[in-house]
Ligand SMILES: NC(=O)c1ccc[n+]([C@@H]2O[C@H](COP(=O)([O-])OP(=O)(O)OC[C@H]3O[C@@H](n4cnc5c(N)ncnc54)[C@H](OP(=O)(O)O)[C@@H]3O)[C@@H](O)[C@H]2O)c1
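As C-alpha cells, one chain now follows by itself in the form predicted on its own.
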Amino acid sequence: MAQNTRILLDNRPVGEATPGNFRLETVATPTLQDGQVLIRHHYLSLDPYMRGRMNDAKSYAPPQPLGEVMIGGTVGEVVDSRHPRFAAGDSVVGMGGWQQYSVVDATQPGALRKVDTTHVPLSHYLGAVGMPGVTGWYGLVKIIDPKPGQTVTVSAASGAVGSAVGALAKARGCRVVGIAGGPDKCVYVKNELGFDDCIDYRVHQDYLSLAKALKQACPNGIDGHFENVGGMVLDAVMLRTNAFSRIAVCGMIAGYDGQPLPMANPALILVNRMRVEGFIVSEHMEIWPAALTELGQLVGSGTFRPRESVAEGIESAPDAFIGLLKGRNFGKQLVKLV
C-alpha cells in the first residue's frame, strides 16, 4: 500500500489564516472496495473559497470539518480501479483534497471525470478548463450577458477566474478592462490575455482615484462587471456603471478574513436599475458541458493562454494558499505533487 501524505485542518483561524491552522500527517492508502478507484494526484488546486470553509460560520456550504483532509480539486492518474469505467493510467479530475492519493467511490455521480490531455494540459483542468473557468463562463454568459461592443470590467483579472472572463468576453466582441494588482500582472493581462486595458489598483489610495482611472479606460461607461474582490474595487466600478448594468458577484476576497465590507454608494443600484447577482457555480451543473467545451476550444487553439503559479510538494500547500489570499500568485495557483 502506498504511503499518503496529507494536510488536515487542525484548528480554525482567528483573523488571517496561518500555517498553524493546518497539520501534516502520513498514512497508508486503504485497500480498494468494489466501485472504488485509487488516484495518484499530480496537481492540487488552491482557491479562495477554501478560506471561507475554514470558518465555522453560516455560508453557502458546510464548514470544513476539523481533523479532516482539506477540501480541494485535484487532477491525477488512476493507479488501481475496481470500477468498470476507470482503468489504470486514465487521467481524471475530482475533489481529492490536500493529499497525494485519494480513494474515490466512482459509483457516485460526478465524483470523478476522465479528461483528454491531447490538446489541453492536465493542470488546466483545475483552472481555465475546470471550476474557475466555468465560474467565469456562468457569471459572464448567464448574468452579465454582454452584447458586442459593450464594456466589461473584471477584478482580479490575472487570476484563474478573471482571465477566463476576459477571454470569453473578448470572444463575444466586448471591450474588456481588467483590474489587477501590480504592473507585471497588468502587462500580462493586456499583452498575453488580450484585454483592451488593465488598471493597477495598488497605485490608487481610494475608490475615487480608482474610479477616475476607470473613467479613462472605459469612456463609454461599464455595462457589465465581474466581481472577485469587493471593497474599494467594487465601489469604484459602481461609480462608472451605466443604466441597466449587470454585476456578477463571484467572490469578496477583500473580506475573507472576517472584516465587514460596507458599500460606499448602494443607491447606485437603484439609480442605474442595476442587476447585482451572486452565484455559486456548483449550483449550476447543467451549464458545465457547454462551458467546458468552449473553454477547451479557447485553450486548445491557443486563443486563451492561462498562466499558472506552481508550488512544489504537498508540504508547500499552506504557504501557497496564504500567498493566494494575499495576491502573491500569478494566475491559477496549483501545488505540484509528482
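Not measured: the values here are computed from a predicted model. From 1 onward, residues are counted along the sequence shown.
This next part talks about the form predicted in complex with the ligand, which is not shown.
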item	value
Options 40 to 48, 267 to 275, 291 to 299, 63 to 71; stretch whose heavy atom lies within 4.5 Å of the ligand in the predicted complex	40 to 48
In the predicted complex, Gly327 touching the ligand (heavy atom, 4.5 Å)	yes
4.5 Å heavy atom contact, Ile222 and the ligand in the predicted complex	no
4.5 Å heavy atom contact, Val161 to the ligand in the predicted complex	yes
Cys250, heavy atom within 4.5 angstroms of the ligand in the predicted complex	yes
Partner-contacting position among Val129, Ala180, Val75, Val176 - heavy atom within 4.5 Å of the ligand in the predicted complex	Ala180
Listed residue (Ala236, Val93, Cys218, Ala156) with a non-hydrogen atom within 4.5 angstroms of the ligand in the predicted complex	Ala156
Residues within stretch 222 to 238 having a non-hydrogen atom within 4.5 Å of the ligand in the predicted complex	Asn228, Val229
